[in-house]
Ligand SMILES: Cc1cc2nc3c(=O)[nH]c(=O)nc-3n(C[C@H](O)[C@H](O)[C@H](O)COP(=O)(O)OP(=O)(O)OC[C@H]3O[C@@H](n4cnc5c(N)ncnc54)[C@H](O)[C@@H]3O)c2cc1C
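A single chain comes next, written as structure tokens; it is the form predicted on its own.
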């Protein structure tokens, strides 16, 4: 079977790539999205409570946009014959392919790391939440260790008391010991020095114990072994140790960066395979000012739109549009201390506190969600690469 434009991956980048491709191609090309499940996982929210509620059924949205959906796991690319082979053996042809298979957590290379908890996917976050319920039911003085003091680790550490309180009340939550470990000598090393004082103050207020410059030699779900001390026995170990491109990106010919992402040109095309576009967390793309896009929802939303737009333009013989995304902000949830907002790659703090928490919640609960309650033409308009066309219509 031959498809016009095939999008592999049902995350933020894949969803918007499929819609952008369909908007440009219209009835001139069939657009199909392939994914293991017809669910968009709200990964930026998986540090929160109730992770089982953080998936969106893509099928009604894709149907509204005129995008076909095929459920299956993509296993390989036949570059020469332009086909994707699914794990079940089925082959789907394409004229243009968009690889949007995202990222996965990079577990530390130490013994037992695979058995530790994580919150990288809804199913993993649900497993950790079940463990939190068990810890809460046991009472006593619970202890939880988080390995990785980056963006996700910080947000999870500062949310844990509230999550424990939901399961067992405030008294147990206040007794809990929460430990945040990292091999770096500072929290949020990838966030730079700009927001660090604000983050450290929030961690101190939440009584999160920091173990920095820590060399971990072993992990399991309830124990951490450190090179310079006795094992740390806890009720749960959660790893939040950074991201790397999901394995399917390795099927695309060409150069890769240190995170396994395909180095793409300005149109988000793989130079070694010009029929293939790569987007989202699988793409090492220049944002237009010498900075590479991060593995973040913020960049994936726009990367997806550009990849879908350009895949359709290229198929139809239209000029492609260079990807740009010059504005960069971070908004980090600080739990009971609110949130902190930074602007630019220097990450200068522009606001912090409880009023910033409302902004963080609006981003996580509204802005990044595909609108469910708009007509198909409005949904398609939101796939435009023009930022002025991506605003949600007034309710």
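Keep in mind the model is a prediction, meaning the values are calculated, not measured. Numbering follows the first chain given and starts at 1.
Form predicted together with the ligand: not shown, discussed below.
Exactly one listed residue, out of 225, 143, 325, 298, brings a non-hydrogen atom to within 4.5 Å of the ligand in the model of the complex: 298. Of the listed positions (44, 66, 55, 370), a single one reaches within 4.5 angstroms of the ligand by any non-hydrogen atom in the model of the complex, namely 44. Between 200-208, 116-124, 316-324, 161-169, the stretch whose residues reach within 4.5 angstroms of the ligand in the model of the complex through a non-hydrogen atom is 116-124. The closest heavy atom approach of residue 74 to the ligand in the model of the complex falls within 4.5 Å. A residue is said to contact a partner when one of its heavy atoms sits within 4.5 Å of a partner heavy atom; residue 6 fails this definition for the ligand in the model of the complex, lying far away.
With a 4.5 Å cutoff on heavy atoms, residue 281 counts as touching the ligand in the model of the complex. In the model of the complex, no heavy atom of residue 28 sits within 4.5 Å of the ligand. Interface residues of 225-244, taken as those with a heavy atom within 4.5 Å of the ligand in the model of the complex (partner not displayed), are limited to 243.
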